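Below you'll find only one chain, the form predicted alone, shown as structure tokens.
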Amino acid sequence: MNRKSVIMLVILAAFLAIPLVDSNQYHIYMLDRALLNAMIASGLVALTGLAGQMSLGHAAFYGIGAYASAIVTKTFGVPVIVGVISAAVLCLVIGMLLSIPSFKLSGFYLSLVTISFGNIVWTVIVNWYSLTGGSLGLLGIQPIRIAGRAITRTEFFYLAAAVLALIYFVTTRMARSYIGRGLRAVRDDEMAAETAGIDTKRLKLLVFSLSAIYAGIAGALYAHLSTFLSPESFVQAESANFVAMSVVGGIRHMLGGTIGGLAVTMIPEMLRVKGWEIYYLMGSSLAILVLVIMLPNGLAPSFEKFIDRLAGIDRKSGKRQVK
């Protein structure tokens, strides 16, 4: 194992040890939320960074996944895993249908379609009282259980971390395969990609559906973490927040979604100090603005450069520097 891999494992181990040394349940809950947000941002990295397709409606898939899993488990009394799978399948189907406009639309026009979709889903959640509970919310959602015992927030942290690791693995494998090369060709020049014989429609369908599944799984896990759902968690502004996470992390870097999701979720919490109760959101927005200006490529590329320096790797030659 090379030095870079060892450093990465140490950093990962330090992150995974946080819930073991911090007993504050609110901090652990926010880490849980950060991991869920990272799942959605990872889907946007694949969709926008890899394929060049813009979505400003992923809060809708997040909400669909949450309510689908909550309703299925609450109505039929099935295990949570069945609810999560049901949410993923439903988001897959809806994602496939929503990807159809991307066959002829792109950029700003496609983003308008996804914004409209997000507004439709939120309106349905608010007004379908008999199914979603409307503005009053949905109560009595069963938590995730192991051996008949509801898991703690710390245990949920490790579950979410494992799911995020799986998402990262799948996305990275796809990006390094012929599918990833085809998606990058579509992103750079769709007409040239079609001329070269690449099935652009199939690739768009694949990546849009995959990002929808990621958001649906995150939503389903969130439902069973909070055990209560309300429409305020899935407003259209959340979609812009997810996009911000992918941009801050690095829209064209496979770690961008993970780092961006963690950073954008935790920065406001780190600024939530006594005396700043009114201003911490303004401070966090300013911090994110500075990050985007100072690091236009995102945090992930800078993080990778930092690791290379610690490992003594010359990025130009790819070899370790001898000192």
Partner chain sequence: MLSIWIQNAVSGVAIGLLYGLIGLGVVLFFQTTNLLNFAHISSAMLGAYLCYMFNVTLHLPFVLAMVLAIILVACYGLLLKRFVYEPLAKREGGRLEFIIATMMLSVFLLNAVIVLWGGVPKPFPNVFGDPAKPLIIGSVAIQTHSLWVLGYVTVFVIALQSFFTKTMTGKSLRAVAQNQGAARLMGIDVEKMLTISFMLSTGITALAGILLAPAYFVSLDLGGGIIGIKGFAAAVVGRMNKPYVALLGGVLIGLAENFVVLYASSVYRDVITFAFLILFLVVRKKAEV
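Since we're looking at a predicted model, the values are computed, not measured. Positions refer to the first chain, counted from 1.
Absent from the display: the form predicted in complex with its partner chain. The rest refers to it.
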Handout entry: Which of 30-38, 51-59, 64-72, 254-262 lines the interface with its partner chain in the predicted complex (heavy atom within 4.5 Å)
Key = 51-59
Completion exercise
Contact with its partner chain in the predicted complex, heavy atom within 4.5 Å, among P143, P79, G137, P101 goes to P101
Practice task
Have a look at T152, N119, S226, S230 for me and say which one sits with a heavy atom within 4.5 Å of its partner chain in the predicted complex.
Solution key: N119
Handout entry: its partner chain in the predicted complex reached by all of N127, V247 and Y279, non-hydrogen atom within 4.5 Å
Key = yes
Practice task
Evaluate S177 for contact with its partner chain in the predicted complex, applying a 4.5 angstroms cut-off between non-hydrogen atoms, and reply yes or no.
Solution key: no
Exercise for the section: Find out whether any non-hydrogen atom of T132 is located within 4.5 angstroms of its partner chain in the predicted complex, and reply yes or no. Expected result: no
Handout entry: Contact of A161 with its partner chain in the predicted complex (heavy atom, 4.5 Å)
Key = no
Exercise for the section: Look up in the predicted complex whether I94 has a non-hydrogen atom within 4.5 angstroms of its partner chain, and give yes or no. Expected result: no
Fill in the blank from the handout: Checked 96-111 against its partner chain in the predicted complex; residues with a heavy atom within 4.5 Å, sequence order, are P101, K104, L105, S106, G107, F108, Y109, S111
